[in-house]
Structure formats: C-alpha cells, structure tokens
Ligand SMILES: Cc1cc2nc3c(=O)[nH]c(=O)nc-3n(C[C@H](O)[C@H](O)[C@H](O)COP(=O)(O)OP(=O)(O)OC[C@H]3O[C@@H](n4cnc5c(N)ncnc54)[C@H](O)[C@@H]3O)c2cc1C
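The chain below stands alone and is given as structure tokens, in the form predicted alone.
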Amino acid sequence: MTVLAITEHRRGDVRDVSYELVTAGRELADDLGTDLELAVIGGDVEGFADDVNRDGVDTIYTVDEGEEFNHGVYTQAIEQLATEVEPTALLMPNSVNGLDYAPAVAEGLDLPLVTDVVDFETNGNLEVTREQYGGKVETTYDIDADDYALTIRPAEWPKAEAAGDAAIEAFDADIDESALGTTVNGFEEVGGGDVDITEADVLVSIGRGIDEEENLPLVEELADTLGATLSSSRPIVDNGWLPKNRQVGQSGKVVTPDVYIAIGISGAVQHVAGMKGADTIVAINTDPNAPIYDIADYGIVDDLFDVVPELIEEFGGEAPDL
C-alpha cells in the first residue's frame, strides 16, 4: 500500500501543482497510514527530483524518458510504475497535461477515476469532494474501491515548502515506441505565449468595471509601475480586449500569485475558483456588497478611476490621460 503522486514540469521548471500534490498526497498517506511516493517523468529528472524532495515524501522515482510531455510516454511509464509499486491511491494534477493522460492511465490500470477533486476524507472508504455548477454546489462521492485514481485541482492545497530527505530511485520504463502514436518535436506557446500569468508573483487583474477598452491603459500603467502582470476576468476576454491566456477563472487559468489586485471585479464564483489561492488579495470595487470582498484581505470601496491613478502615483508612475 502506498500513495503515488505524479509531478508536473514545463519548460524546465517544476509546476506549483507538484508541490500541492505533495501536501495532498501526504495528507492522504497519513490517513491511510502509508508512504508517499512521487514520480518525475522526462526532462531533467534528477534536478526535478531535488526540487520536489520535500518533507513527507518517502521515495521519488525518476523516469528518464524524453524532454517534453508526451501522452504515450507518460501513460506507459505511469502504468508500469504503478504495476510495480501497487499504489492504493494514484494522484495526478488536474491540469491540461494531467487530464490528457489520467483517463488513459486509469483505464489501463482498471482504476476508478475522479477528476477535479477539491477535498477528500477517509472514513472507511474514501470520500472525495468536487464542485459543480460553477462552484455553487459541492458534491461528495464515496469511492467503493480498494484502489483508485484522483486528479487534484491546482491551488486547493498549500504548497509543500520544507525540504525533505526522500530516497531517489531511477525507474527504467520499457517504452514501446511503436505504440506511442505521436512524436513530440518541440514546444510552442500559442495565443500570446510570451506571458504566463500562472508564473506571476503579482497580478493586476481587471474586470468589467473598466467599462471600455480605451480605459485599459490605466490598469496597464499600474501593472507596469508595480512590475506586475496584467490579467482579467472572463468578460474582458469575451470582449476581445485581452487575449485568452490572460483570463483567470474556471474557464481560464488557475493562479497562485503572492499578490492579486482585483480591480472592477465583482467576484463571481467562476472567477474566484481561479484566484482564491493567492496569498494576498486586494479588491477595488464601488459595490461594498460585491462577493470579491468575502475573500479579499484588503478592500477599497471606491471608483477605480479615482483609486488607480493615485496608486500609480504613489508607486512612482504617471497615470495616463484617458
């Protein structure tokens, strides 16, 4: 019996969800009274293994196969490793990559799979919680199986921070090249890929309160002054004012910055689902009853067109004439 979690990396960096998987995995392993093991697949596996060697991890398996993510390699490697270590719980990230291979792995191992898990509890059987209807309803599922697979929603568990002393073992997967079906020739970002809001430490995020596209330079200047990255809620993207890769929320990206400044954003559940993991949330909105204030650490109930220019000047910038 063990808990096996599959880490994730991209462009040479371990993704935050990997450290969150350590926290979630350790919690589940403690409940089950078992070990927590990780798998690092592809790329600089030795370096990635050092990165995710956090307190509470017992063993890290490195699978030195390929540089970039490949569905077939991940599927074969995880199935072979799981067959070797026989995990009770197989945890994977509920990310684009995770959702690519998790169903195939679960099918191959004949495991029940629950995706987008936001909480779990062991009570004889495992009970897992998912959100539905845009986060308005939580549903708990009782998994009636000895072994199972879960994908964990990013930003629902804190990142494991303390260094660990896990054993690091190489696992030689026998990859059948003829069965891969695809060949990865490289990595290319699409849709304004020069900016990845999931990696930003400070985000200045704008919502429909900006009123018109012509007012965007105001928040762009604030972001530049703070050295922050600009992001938005869905209406801004739907209007074509910012590209899709800037959207935060359930249908956008999940972000976990140190500081998230929500300007003219009401705080709909779909948006909150993407940013509630921020360490500090600052909200600027004229409506004192806006839901964003339910999760904000600091709030300014005022007109953004009055507040933002003052913030720009306070931090040494110059507000544009609109």
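Heads up: residue numbers just count along the shown sequence, starting at 1. Keep in mind the model is a prediction, meaning the values are calculated, not measured. Here, rigid core means the biggest group of C-alpha atoms that superpose within 1.5 Å across both forms.
Beyond the structure shown, there is the form predicted in complex with this ligand, which is absent from this document and is the topic of what follows.
Contact between residue 62 and this ligand in the predicted bound form is not found at the 4.5 Å heavy atom cutoff. In the predicted bound form, this ligand lies farther than 4.5 Å from every heavy atom of residue 53.
Taking non-hydrogen atoms only, residue 290 approaches this ligand to within 4.5 angstroms in the predicted bound form. Although the partner is absent here, residue 209 lies within 4.5 Å of this ligand in the predicted bound form, judged by heavy atoms. Figure note: of the listed segments 139 to 147, 242 to 250, 84 to 92, 115 to 123, the one touching this ligand in the predicted bound form, with heavy atoms no more than 4.5 Å away, is 242 to 250. Proximity to this ligand in the predicted bound form, defined as a heavy atom within 4.5 Å, singles out one entry of 268, 29, 49, 281, which is 268. For the partner-free chain shown, nothing in 142 to 172 comes within 4.5 angstroms of this ligand in the predicted bound form, judged by any non-hydrogen atom. Once the cores line up, the CA of residue 302 ends up 2 angstroms or more apart between the shown form and the other one. If you fit the rigid core between the shown form and the other one, you'll see the Cα of residue 67 move by less than 2 angstroms. Residue 244: CA moves 2 Å or more between the shown form and the other one after rigid-core fitting. Look at residue 250 and residue 16: in the predicted bound form their Cα atoms come 3 Å or more closer than in this form. Whereas the shown form places them at one spacing, the Cα atoms of residue 156 and residue 244 lie at least 3 Å farther apart in the predicted bound form.
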